[in-house]
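Only one chain is shown below, in structure tokens, and it's the form predicted alone.
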């Protein structure tokens, strides 16, 4: 297992190194105009200027807080919806296809409605990310909570467990590995939705700074923000994957 993990990390870092090398070679050789792809050192200098001038952390804090709020709403509503739906086999068979069908619709089409209802501030991005992230979490909660072994439920009822105790000690532990997958997908959907919403229409945040740099024809500054977003997404994905694997191993031992 350790050797497999080491091999995976080597492949991941090799890919990053190859991408960085290709970027450096293309810009150093003059194959691509700096207007479209600036040199790595120009991007690094632009990033340092953002830090020096105090223009980096304020939008980062706004974006992270927006993502956290959107994800908290999506996770809470998704798990609650999954629990309520799975209390009835009829409701599960009737509602799950509706949620799955709605998830296939590009929510981006309705982004102007979020702007109309919540304005161009962070409220519209919170609502947008929460709605988009809700669907995978709800579907995973339905899949996990709807297939709990009936013997465990009957045993809990026999011992006089309340609904809350049954959910906490039977349903949630049994379904947690499946729900965790949905939580992971929902998180990155919230992450992408908030940043996309900030890029399309916002007054603050990382996405707004990317769009502003593009409008002002400052490619080095734009790529500095983009590189930060990519590194953050990759780091978070590795962290969440490690937590997911750890939870799966614990569930397998229990």
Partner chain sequence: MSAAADAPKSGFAMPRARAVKLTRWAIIAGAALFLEIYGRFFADPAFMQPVSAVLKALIHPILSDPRILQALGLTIFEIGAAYGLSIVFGSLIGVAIGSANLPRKSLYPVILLLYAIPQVSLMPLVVLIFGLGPAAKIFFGFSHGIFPIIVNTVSGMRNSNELFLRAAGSMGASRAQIIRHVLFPNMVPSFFVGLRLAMTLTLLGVILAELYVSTGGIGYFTRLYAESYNPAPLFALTGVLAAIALAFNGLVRIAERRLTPGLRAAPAVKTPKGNNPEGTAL
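Numbering follows the first chain given and starts at 1. Keep in mind it's a predicted model, so treat the numbers as computed, not measured.
Unshown form predicted together with its partner chain; subsequent notes refer to it.
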Note: its partner chain not shown here; in the predicted bound form, the stretch from 22 to 30, 48 to 56, 222 to 230, 61 to 69 having heavy atoms within 4.5 Å of it is 222 to 230
Practice item. Although its partner chain is absent from this view, report whether residue 95 comes within 4.5 Å of it in the predicted bound form, heavy atoms only. Key: yes
Looking in the predicted bound form, any heavy atom of residue 245 within 4.5 Å of its partner chain? no
| message | Would you classify residue 43 as touching its partner chain in the predicted bound form, given a 4.5 Å non-hydrogen atom cut-off? | response | no
- Item | 4.5 angstroms heavy atom contact with its partner chain in the predicted bound form for residue 191 | yes
Report yes if all three of 81, 84 and 204 come within 4.5 Å of its partner chain in the predicted bound form by some heavy atom, otherwise no. no
Near its partner chain in the predicted bound form, with a heavy atom at 4.5 Å or closer, the residues from 34 to 65 are 35, 36
